[in-house]
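Just one chain follows, in the form predicted on its own, and it is written as structure tokens.
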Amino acid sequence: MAKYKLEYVWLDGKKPIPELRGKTTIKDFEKPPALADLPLWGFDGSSTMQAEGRSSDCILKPVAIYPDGARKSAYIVLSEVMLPDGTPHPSNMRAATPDDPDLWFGFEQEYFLYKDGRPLGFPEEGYPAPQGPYYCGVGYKYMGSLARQIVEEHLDLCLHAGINHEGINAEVAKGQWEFQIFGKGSHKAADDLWVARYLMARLCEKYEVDLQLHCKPIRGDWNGSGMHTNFSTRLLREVGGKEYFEALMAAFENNIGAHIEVYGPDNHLRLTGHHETQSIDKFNYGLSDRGASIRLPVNFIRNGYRGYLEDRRPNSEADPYQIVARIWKTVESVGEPALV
């Protein structure tokens, strides 16, 4: 028998967007544990905005396991929060998200790294040179040193964990970065994204830096942070067609408010019609248009309106489970192409 560290990670009851919590238990196993080997575990919900003190017990139900490259003999155990009777807690958005294997998602997580109350690389007073050279930039005068060190270490941790990382890059504003995660099925990409956020937040502790997910932490002529959501269904990938696509876009336009409601707080600060965004109260789509609500990849029309679409409205702080559930609901409302 060998001892393993199991870090149970879950989402608390903070609104409108939950925050990550985690605690470690030590368990003996004859071989490295699999998901089926992991027990339920309790926690004090009164300390996480998920219960009252007079009835505080909540249950952690493991739903995914990830090797933890930052610790020896360790795993991260992503968990859903359950009530003592075994039913999903009201804050459990994952349990409310249909797990459709034909619905594929890719999330582009933008974020800032902050130290001493300002983005890395910002002077103590005022601002650095205007944005322009920072996007995918190279060199100390643009990137500094600490940010890239953190970003590269985070990438290695994610790959070690088996997270389906698609890539990283420096973003438009100084101190702003992005990583991309893809998954087949409604849960996979969202699960991986939350664990990637956890790994980044924990890594930043070591460097005395904060992970800043707010969508517009710097006012003025600086890009905000989004979480552009790429999605495709079996119908979009294999059938497509202009008629189906236009019906799908009409459904998205008819549900602007419902989408914006779960696309992250303070999005009015980011979705202004400037800095590569459409206004929050408008909807449009466009080929290769990064100022549109939904961007069509360059070959989408050429391929017979088949492939994937990019919803550019979700922001960096949004809950991916809620994004997935909302997009799934809108897609389902359209029906099969033959019925359009």
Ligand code: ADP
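Keep in mind that what you see is a predicted model, and the values were worked out from it rather than measured. The numbering used is simple: start at 1 and walk along the sequence shown.
Just so you know, the form predicted together with adenosine-5'-diphosphate exists too; it's not on screen, but the next bit is about it.
In short, of 146-154, 76-84, 259-267, 232-240 it is 232-240 that has heavy atoms within 4.5 Å of adenosine-5'-diphosphate in the model of the complex. A heavy atom within 4.5 Å of adenosine-5'-diphosphate in the model of the complex is found for exactly one of Ser91, Gln180, Gln212, Thr97: Gln180. Contact check for Glu310: a non-hydrogen atom falls within 4.5 Å of adenosine-5'-diphosphate in the model of the complex. Mapping the unseen interface onto this chain, His275 falls outside it, with no heavy atom inside 4.5 Å of adenosine-5'-diphosphate in the model of the complex. At the 4.5 Å threshold, heavy atoms of Arg295 reach adenosine-5'-diphosphate in the model of the complex. Interface membership of Glu108, defined by any non-hydrogen atom within 4.5 Å of adenosine-5'-diphosphate in the model of the complex, is confirmed.
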